[in-house]
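Quick heads-up: it's one chain on its own, the form predicted alone, in structure tokens.
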Amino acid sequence: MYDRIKGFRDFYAAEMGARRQVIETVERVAGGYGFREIGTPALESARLYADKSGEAILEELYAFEDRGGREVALTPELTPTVARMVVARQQELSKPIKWYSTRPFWRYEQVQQGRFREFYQTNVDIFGTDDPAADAEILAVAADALTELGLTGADFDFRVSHRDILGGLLGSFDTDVDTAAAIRAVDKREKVAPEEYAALMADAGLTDAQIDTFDDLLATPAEDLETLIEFAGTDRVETAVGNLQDVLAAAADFGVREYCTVSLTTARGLDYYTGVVFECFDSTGQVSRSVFGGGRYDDLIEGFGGQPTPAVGFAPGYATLSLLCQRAGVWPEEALSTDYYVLQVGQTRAVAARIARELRERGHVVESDVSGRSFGAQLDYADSINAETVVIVGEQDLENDEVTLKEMESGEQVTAPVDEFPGDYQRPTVEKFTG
């Protein structure tokens, strides 16, 4: 008997059916906005991550030397891969480039609620435009996906911020501040004790008084963002505030402003974010961690050797998204679903197979016996797979040129001419052959 590896999960059929419904909903919404599906490899050069984030990142990855002596890693995220893909064909790809991809990723990290070492997410990205409408469209795809799943504005909240506002405010202090380190500390603010947060900010170069001032600035409400411009007195902060306001205005035009709350304590920990960033949270707080997030990363393509290419995207992960949907009571039922079970009695396989084939051609989920089971055993199996209708093809029925339809929930049944079944009906039922 072998145990499952820690941080990896099995999904049995009923659970996987529910997950598939959720994944297909997210993909359908993205496709409706013109995002096109791409496929990406599970393995990349380890340098792709080390060059971007430093050698220490390799300790958090499934990184190893392959048989060809190459240092490789199982992909921990998609953004560097799609950046590489854009650089490879940058001149021939029409702009804006709008891609999505659903696949697993791997990180060797501590297993906790909503976080595993193998995880699945859908990445949705736009490359080639810095228009605020692109940021708003990303917010709209995210919001529409959640509402299509049955969630409402009472269930989730997009906390929206701007990295250049944070960086500009930090840069306005009269000390040498490690901006990247300070922003990473802001990202951890809600996850660590206050004294640890203060220590991280101090390590980044801020005094106690500056930390207090900065925290007060982070509490500035959306309607008073101009006060940040007055405090900093820099074009950088003025431009960033204007950009955030433009994105929020565009989000209103897209019909999703109601889901957005300005929250300057939202920072996103990855250093490559450059502009508007956001994180989705459970409005009730029952799911204590971020459900997913995204934002703008305008410098990444250039950092991988391409031409300057603005970019923005988000990536819902299905471990945390399932927690939100389950809390809100909209996670799909984890149960098998079968439209028809074609039951065989005696030497009737040829007719049963013809009926099953024609029902499948109409787009139905159809099972039939492949184990030589008895009549009763087949009925039990049909019940176990939640078959809606059983079509009984028995030798005695065929002698009368008939088949029997049985509705499993009600137990009602009726006979139908075998040569007329399924006939012209898209979805033949007991009711259609009654009377």
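Start at 1 with the first residue shown and count on from there. Just so we're on the same page, rigid core means the largest C-alpha set that superposes within 1.5 Å between forms. These numbers were taken from a predicted model, which means no experiment stands behind them.
One more form of this protein, predicted together with the RNA, exists but is not displayed; see below.
Per-stretch contact check against the RNA in the predicted bound form, the hit in 306-314, 218-226, 170-178, 104-112 (non-hydrogen atom, 4.5 angstroms):
Among the listed stretches, the partner-contacting one is 104-112.
Tell me, which of G275, G294, P76, P132 has a heavy atom within 4.5 angstroms of the RNA in the predicted bound form?
By the 4.5 Å heavy-atom cutoff, the listed residue in contact is P76.
Only one of R189, R289, H364, R327 has a non-hydrogen atom within 4.5 angstroms of the RNA in the predicted bound form; which is it?
By the 4.5 Å criterion, the partner-contacting residue is R289.
Partner proximity in the predicted bound form: T404 to the RNA, non-hydrogen atom cutoff 4.5 Å
T404 belongs to the contact set for the RNA.
Is Q413 one of the residues lying within 4.5 Å of the RNA in the predicted bound form, judged by heavy atom distances?
Yes, Q413 lies within 4.5 Å of the RNA in the predicted bound form.
Counting only non-hydrogen atoms and a 4.5 angstroms cut-off, does E27 reach the RNA in the predicted bound form?
Contact with the RNA, no.
Does any heavy atom of G31 come within 4.5 Å of a heavy atom of the RNA in the predicted bound form?
Answer no; every heavy atom of G31 is more than 4.5 Å from the RNA in the predicted bound form.
Is it the case in the predicted bound form that T40, D66 and R84 each bring at least one heavy atom within 4.5 Å of the RNA?
Negative, none of the three is within 4.5 Å.
Heavy atom within 4.5 Å of the RNA in the predicted bound form - qualifying residues of 331-350:
Contacts from 331-350: V345, G346.
Large Cα move at A180 between the shown form and the other one, threshold 2 Å, rigid core
It does, since the A180 C-alpha is displaced 2 Å or more between the shown form and the other one after the core fit.
Is the shift of R189 between the shown form and the other one large enough to count as movement, that is, does its C-alpha move by 2 Å or more after the core is superposed?
Yes.
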